[in-house]
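First, one chain by itself in structure tokens, the form predicted on its own.
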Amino acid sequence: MALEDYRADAMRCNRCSYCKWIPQDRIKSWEFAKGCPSVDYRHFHAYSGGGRLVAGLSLTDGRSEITDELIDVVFECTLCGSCDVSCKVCRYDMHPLSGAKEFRHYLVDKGAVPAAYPGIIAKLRDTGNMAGAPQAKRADWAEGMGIKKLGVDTDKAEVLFHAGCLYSFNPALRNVVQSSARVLAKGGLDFAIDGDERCCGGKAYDMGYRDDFAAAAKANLEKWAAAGVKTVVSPCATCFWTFKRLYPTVAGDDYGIEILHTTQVADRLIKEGKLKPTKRVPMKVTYQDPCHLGRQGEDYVPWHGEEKKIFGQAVVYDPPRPRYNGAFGVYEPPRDVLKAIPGVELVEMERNKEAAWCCGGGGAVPQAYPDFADFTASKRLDEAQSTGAEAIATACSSCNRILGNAKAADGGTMKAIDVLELLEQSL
């Protein structure tokens, strides 16, 4: 699609400002009623989902031009999707999240991007990963763990464990990916890793660099096909979302690869009796729903149809179009894993599941707008602390990193920990 294709959405927007809040039936207090981090930070309508649609309309209609302020409006956004969920509570035919992503793609084509972006994308092009680290060190996290490697120990693998760039190269997160792999192996899952694993491309897509995403997807899909991969498991919520929601648009409707997050696999293994958490882990925990695992983690549904209007007014889709409203994301598996751990008491934040507040780690915001990312993370930690929890558990590399960094900077006592790290303590 092109930015012009969202003209109808912009014209249908009635400026209700619903995109700035969580769905109203989920609001429990004024303090935690907001849904859009950008608006809460900037206090200006242009930074909302509806505001960006209108800004795109103004630009494509020639009523405005690209400025530094417009670049900030478009890119100072975590792409968390809260606006999309709230909009779809009372509307069917609008897509503010897709429109925001298309706006980024439009500006990338014009060369109008935040100053940090060229350096980030250069790392991906030069090294095949977003960290800019030597690709030869990609699988260093697995050394000494006895994990099979494609191209070294085997040429075929039905189940592939994809660690992701952050987990592969960030020393502070190495324990998370190692715990995830050990837990799944202990549950009897037969899997291999790709020692030359390539970036999923999801971050490049969200930044607006569609060609770089397509190149990454093509390379991974070709490798999976050659290795006979049928299932891909990842501890990274962004990789999970990219493989589940974006790769079918490249591979076609016969994609045929099962995509699972590590919490889904662990939950399945516990319920099958293959993992038995028995050791007590006395801890009061709240859970952070990653945006890409939760409200954006719904199954991809292919659609080939057209928009029509009844009597030139009511919009209908023929055939009916899938409605991604966040309700069917991956919410219960990570919670069920936490509930299965003896001694763990799970308490919920007011904003949870499809109404969850973003950690601040999405949309390349930490790299381009670090102050905004810190603001968003601090807001989430305040909400987590209001529950009386000792730790905030999550299932996402970005959430782990940004919430952990915010905790350290704030000097607070809230601990950020991965769900499978907690599970391993109980095995």
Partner chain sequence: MALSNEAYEALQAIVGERNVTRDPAILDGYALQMLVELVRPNCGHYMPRAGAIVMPGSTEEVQAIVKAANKYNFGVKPHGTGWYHWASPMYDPGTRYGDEKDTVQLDMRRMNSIEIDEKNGIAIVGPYVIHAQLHAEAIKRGWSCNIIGAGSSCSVVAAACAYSGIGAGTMWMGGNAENVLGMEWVTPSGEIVRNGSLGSGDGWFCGEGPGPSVRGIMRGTLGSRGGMGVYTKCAVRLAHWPGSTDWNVQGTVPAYRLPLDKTFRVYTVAVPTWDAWTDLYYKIYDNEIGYTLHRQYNLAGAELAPAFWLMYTDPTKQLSDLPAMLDEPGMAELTEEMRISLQIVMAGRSEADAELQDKVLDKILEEVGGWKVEKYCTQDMAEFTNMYMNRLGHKEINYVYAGNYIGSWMQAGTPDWVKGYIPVAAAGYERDYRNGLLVQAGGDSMMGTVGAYPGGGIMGLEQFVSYDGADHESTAAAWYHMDDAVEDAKTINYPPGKEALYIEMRYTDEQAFDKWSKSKQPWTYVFQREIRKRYDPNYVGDRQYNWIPEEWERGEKHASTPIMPGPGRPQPAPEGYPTI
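Positions refer to the first chain, counted from 1. These numbers were taken from a predicted model, which means no experiment stands behind them.
The form predicted together with the partner chain exists for this protein as well; it is not shown, and the discussion that follows is about that form.
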Q | Close approach of Val39 to the partner chain in the predicted complex, 4.5 Å, heavy atom | A | yes
(Q) I'd like to know whether Leu260 contacts the partner chain in the predicted complex, with contact meaning heavy atoms within 4.5 angstroms. (A) no
Q) Lys148: heavy atom within 4.5 Å of the partner chain in the predicted complex? A) no
Q: Flag Thr413 as yes or no: does it have a non-hydrogen atom within 4.5 angstroms of any non-hydrogen atom of the partner chain in the predicted complex?
A: no
Q.
Using a 4.5 Å heavy atom cut-off, which of 381-389, 362-370, 39-47, 398-406 contacts the partner chain in the predicted complex?
A. 39-47
Q: Heavy atom within 4.5 Å of the partner chain in the predicted complex: which of Arg182, Arg198, Arg321, Lys123 fits that? Just give me the one.
A: Arg321
Q. Even though the chain is shown alone, can you say which residues of 319-343 have a heavy atom within 4.5 Å of the partner chain in the predicted complex?
A. Pro320, Arg321, Arg323, Asn325, Gly326, Ala327, Phe328
